[in-house]
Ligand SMILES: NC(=O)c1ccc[n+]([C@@H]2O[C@H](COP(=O)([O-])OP(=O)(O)OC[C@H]3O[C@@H](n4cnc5c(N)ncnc54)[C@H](OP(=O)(O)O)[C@@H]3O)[C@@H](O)[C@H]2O)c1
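Listed next as structure tokens is one chain, alone, in the form predicted alone.
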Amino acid sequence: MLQELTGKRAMVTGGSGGIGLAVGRRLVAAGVQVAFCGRTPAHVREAESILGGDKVWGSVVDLRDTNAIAAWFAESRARWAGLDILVNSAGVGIFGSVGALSLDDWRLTLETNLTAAFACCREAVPMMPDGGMVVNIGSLASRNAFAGGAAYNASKFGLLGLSEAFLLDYRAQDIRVSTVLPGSVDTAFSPRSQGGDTSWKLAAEDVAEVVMTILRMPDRALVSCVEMRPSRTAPK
């Protein structure tokens, strides 16, 4: 029997745009209370307007700041006491060879894509005493390195490792951990991902659909990892 999501409580990072916003839309439509964060105040306000209703709460959070993450979770605890769902969707893409990347670019990528996800998972554990669901949005780059992807690959390889270890740490406590690894998605993720014909790419809604399928799986079933690819290749 599929799980009923109505009334559950969810936190979504990167929820002001892209995959995070698409996930938020689907969660709200399913009757879930949603707290999401974004980095830009204007984008957070716009997303609140899009998602609408009294079940949505947006916050401006710089995920590179672990103190800001802790404060966001503290406010969620004050509102809800517990947590049922965490979706780590926030991410950045800065690309360049090892010699061309600056240390600031490296730190920004690792802190946003990996350290922030770790901090959010760590904060979520005590809010899930009766179990819960964590979905981390990785990438096919979590398994497939590419030239110019040193920082991005490192962050996404690390996120997959974090997810797999987290699953083993808390599986007995009924905290289920899944990782979704999409290929090219048509979002404003980075300058590299924009421009030209994007019709062949996955849509953010496609990834959100997979997240919702995972969340609705029966308690006896855990989808630990899903790879997604566009059904067509990029035009030449």
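In case it trips you up, residue 1 is the first one in the sequence shown, and so on. This one's a predicted model, so the numbers in the text were calculated from it and none came from an experiment.
There is another form of the same protein, the form predicted together with the ligand; it is not shown, and what comes next is about it.
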query: Sole residue of Val177, Leu27, Leu63, Ala208 within 4.5 Å of the ligand in the predicted bound form, by heavy atom; finding: Leu63
query: Region of this chain that lies against the ligand in the predicted bound form, out of 82-90, 160-168, 119-127, 143-151 [heavy atom, 4.5 Å]; finding: 82-90
query: Proximity of Gly58 to the ligand in the predicted bound form, heavy atoms at 4.5 Å; finding: no
query: Any non-hydrogen atom of Ser184 within 4.5 angstroms of the ligand in the predicted bound form; finding: yes
query: The ligand contact at Ile19 in the predicted bound form, heavy atom, 4.5 Å; finding: yes
query: Distance check, Thr40 to the ligand in the predicted bound form, heavy atom within 4.5 Å; finding: yes
query: In the predicted bound form: members of 97-131 within 4.5 Å of the ligand, any heavy atom; finding: Thr112
